[in-house]
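This document opens with one chain alone, in structure tokens, the form predicted on its own.
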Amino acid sequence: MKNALRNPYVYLMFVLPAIALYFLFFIYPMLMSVYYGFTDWDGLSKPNFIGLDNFIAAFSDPEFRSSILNNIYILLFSCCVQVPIIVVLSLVIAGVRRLQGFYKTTVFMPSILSTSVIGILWGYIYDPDVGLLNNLLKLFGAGPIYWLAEPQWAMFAILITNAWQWVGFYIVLMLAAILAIPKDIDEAAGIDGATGVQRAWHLTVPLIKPVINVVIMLSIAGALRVVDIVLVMTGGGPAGATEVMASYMVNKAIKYGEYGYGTALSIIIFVIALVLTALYQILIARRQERVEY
């Protein structure tokens, strides 16, 4: 047995099946997707190589440019509004002495629900006739708002729903970092006369900056791959008001059978996400000093 374990071919026998499956179900489909992005394939006939025509058509397509703008709205909302809310809620929950586990479970619960379930649930909340929001507006004498049917409100409704689903996941990450900070540091600051707000802002937040950076990078990546909640709630409507890059790609490929063009859009989305996360990592995250305590 010992002699067998010293033989490198034994290890190769165990590794090769995993490598083969990885290549078959990940590397090969990815390479074929790149190839199809340079063709006019419709999913049935033989693909014809057309070079960069799909990519040129994408950036000259006003609907795709509009979907990029919608993704930018989601990205800005995620980084500028959602992340501060996550930090504040994490600090509040971390400071709770009783039922802390209950609060952590409650905020995390939406993250484990199916997006389809969340879309249907919030669809009823946004319902213009029996929805919770419009019933609350009636109490103040305001008329019903067609949240998912009016262009000026549809994207806002998607942003709130998407944030509600994922805020809890990020809060759990943030809480893990906050609760890992030694209590001696916080107690010493309290003895020196620092208030709770001062300790949170000048002590806790700087110590959890690496985790905040991770949350921001995950938010950037998540903002660029938002698709399921859009398809479930609005399908990209009304009049393209909630169309994002990924939903536009799905509609073009699945609904209209333009698989080559849809694959080219997926490559563009991948490159944009890669560039943005890399730029954030290089320009901001790496400049942050490593925290040790």
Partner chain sequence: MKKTCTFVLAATLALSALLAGCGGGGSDPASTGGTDTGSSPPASSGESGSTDKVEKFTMSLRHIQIGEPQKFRKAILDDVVKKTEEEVPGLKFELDGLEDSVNRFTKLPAEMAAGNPPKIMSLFGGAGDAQKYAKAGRLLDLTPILEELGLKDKFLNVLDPFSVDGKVYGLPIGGNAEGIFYNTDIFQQYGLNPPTTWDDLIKAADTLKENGITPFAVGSKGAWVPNMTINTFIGRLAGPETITGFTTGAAKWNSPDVVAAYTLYKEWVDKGYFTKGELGKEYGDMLNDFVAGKAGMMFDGSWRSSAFKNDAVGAAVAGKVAFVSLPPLPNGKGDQTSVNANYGEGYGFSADLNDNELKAVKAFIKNMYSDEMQLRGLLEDGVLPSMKLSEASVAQVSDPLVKQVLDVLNGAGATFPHFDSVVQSKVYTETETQLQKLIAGNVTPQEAADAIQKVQDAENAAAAAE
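Positions refer to the first chain, counted from 1. As the structure is a computational prediction, the values presented were derived from the model and not from experiment.
If you look for the form predicted in complex with its partner chain, you will not find it shown, but the lines that follow are about it.
- Contact check for Pro206: no non-hydrogen atom falls within 4.5 Å of its partner chain in the model of the complex.
- Put simply, Trp153 is far from its partner chain in the model of the complex: not one heavy atom of it is within 4.5 Å.
- For the chain shown alone, Met233 is a contact residue for its partner chain in the model of the complex, at least one non-hydrogen atom being within 4.5 angstroms.
- In the model of the complex, at least one heavy atom of Ala239 sits within 4.5 Å of a heavy atom of its partner chain.
- Screening Ile272, Val10, Ala278, Ile284 for any heavy atom within 4.5 Å of its partner chain in the model of the complex leaves a single hit, Val10.
- This chain is drawn without its partner chain; in the model of the complex, the residue among Phe108, Trp164, Phe77, Tyr146 with a heavy atom within 4.5 Å of it is Tyr146.
- Annotated contact segment (heavy atom within 4.5 Å of its partner chain in the model of the complex): 249-257, selected among 221-229, 30-38, 264-272, 249-257.
- Along 43-78, residues Gly43, Leu44, Glu63 each place a heavy atom within 4.5 Å of its partner chain in the model of the complex.
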